[in-house]
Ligand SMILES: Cc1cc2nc3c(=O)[nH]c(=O)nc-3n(C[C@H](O)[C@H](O)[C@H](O)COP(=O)(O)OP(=O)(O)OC[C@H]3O[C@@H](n4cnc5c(N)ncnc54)[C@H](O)[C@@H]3O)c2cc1C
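First comes one chain, alone, set out as structure tokens in the form predicted on its own.
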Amino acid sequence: MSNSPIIFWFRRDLRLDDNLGLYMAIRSRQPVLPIFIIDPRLERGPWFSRNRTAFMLTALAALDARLRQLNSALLIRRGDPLEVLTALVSETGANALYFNRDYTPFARKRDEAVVRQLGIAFRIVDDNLLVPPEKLRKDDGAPFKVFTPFHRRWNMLTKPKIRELDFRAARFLPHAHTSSPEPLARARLQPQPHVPLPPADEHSAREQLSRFIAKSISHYAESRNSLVIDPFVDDNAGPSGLSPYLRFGILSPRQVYWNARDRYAEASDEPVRQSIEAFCRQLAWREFFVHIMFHFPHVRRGNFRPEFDNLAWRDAPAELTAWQEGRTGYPIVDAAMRQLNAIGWMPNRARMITASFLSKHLLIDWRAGEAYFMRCLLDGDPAANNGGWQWTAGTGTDAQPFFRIFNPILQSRRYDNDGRYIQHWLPELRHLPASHLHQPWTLKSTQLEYPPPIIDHRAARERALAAFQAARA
């Protein structure tokens, strides 16, 4: 046992429970100094999101409150992580740094510099994935590029449950040594969000998980494509509403996965079991895209499939703006984009519909859509967002074929047949009968305050097919 502290660096793991790196730091029997560093480089980046930053700060305040119950606090500092940690080692005499691993290219480069130059012992822990990238490869050692075989092996390797730690035995540095009474006020970063935020504490995250496991997961297979208005207030929503909590590590992937697996073990109906399997499959997709970005970092800025590097994307700023603001004239697309702008979230089906419309109908580079989603989404994650956009655009690994182009009218009728989703987010169409909601331009009315379609579906489809085929040739 040593009285020199261990620094525990919180990043994408804003929780105490089931935090593997934190558990290892506590079990070292040295006092633990918890810190979060606000990196100004992320504030200046093109993906900076006021919504996501405000949600993160709320989560930090909740984490700080939990630490105060343990006579400690969360130290918040702002600056280059290497410089901040170097100064903290000098101030405290810390002899080790523990943190959970982040897998993005930016994070890996940052962490390698810290480990190389800080000059103290360190421990890096795999916490944010059920199976880390190096542990899941094909028989020949190559990384998987196709989801189905990836999923089969992932199912065999997922991490076991972790026993909860009794924090009464933890040795956190006392409150007086870690922080001023209002640490978040010192961060000098308090953006007002554009959207209403769901609660961002561990208790609320677990409640959301419990509600989903108790109700919605049993019919997830058919309801996961539901165009839900707000999963954070609708207990019967198809989507889980867990993505922001996983994004910031307010829930661990093990907590989510093993709650689902326990529900599976209790289920006697085969349809319920199939629904739970469908949900666990989505957790595997999340990890698949992290593995892809880890092994193929070029996807961060370009196409996974190089045959599309010469695709002639259109430069159409007015049409991009119309898409962003929900003014394309296609109600299902516009309702989804207005939902994104209003609450910082969209169901997965809406993400696919809007991404397909931008990259196929408007033939605008998927990277423009990727960036806009990252600026708006509470759950915006570099790997998942990139993987989703490239899958829809047809440029990624295991992607939707480039010739599959969603018909927004058919998508609207299939997933919002009664028009409830459209009418909620497009109030100017609430007076229309359901028969005209999906194609309001067919209604000959001079009182319709809604734009005509920005492009004809058939013409857009033919243009997209020609462009993709020319790029492949």
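Residue indices: 1-based, along the sequence shown. Small disclaimer: the values here were computed from a predicted structure and weren't measured.
A second form of this protein, the form predicted together with the ligand, is not displayed here; the remarks below concern that form.
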Open item on the list: Counting heavy atoms only and using a 4.5 Å cut-off, do Met352, Leu377 and Asn385 all touch the ligand in the model of the complex?
Closed with: yes
Task: Interface membership of Phe279, the ligand in the model of the complex, 4.5 Å heavy atom rule - done: yes
Open item on the list: Is Arg273 near the ligand? Define near as a heavy atom within 4.5 Å, in the model of the complex.
Closed with: no
Open item on the list: Does any part of Glu202 reach within 4.5 Å of the ligand in the model of the complex? Heavy atoms only, please.
Closed with: no
Task: Pro347, heavy atom within 4.5 angstroms of the ligand in the model of the complex - done: yes
Task: Per-stretch contact check against the ligand in the model of the complex, the hit in 113-121, 299-307, 283-291, 260-268 (non-hydrogen atom, 4.5 angstroms) - done: 283-291
Open item on the list: Using a 4.5 Å heavy atom cut-off, which residue among Leu97, Leu242, Leu362, Ala73 comes into contact with the ligand in the model of the complex?
Closed with: Leu242
TODO: Consider the chain as shown here, without its partner, and state which of Phe248, Phe172, Phe373, Phe402 has a heavy atom within 4.5 Å of the ligand in the model of the complex.
DONE: Phe373
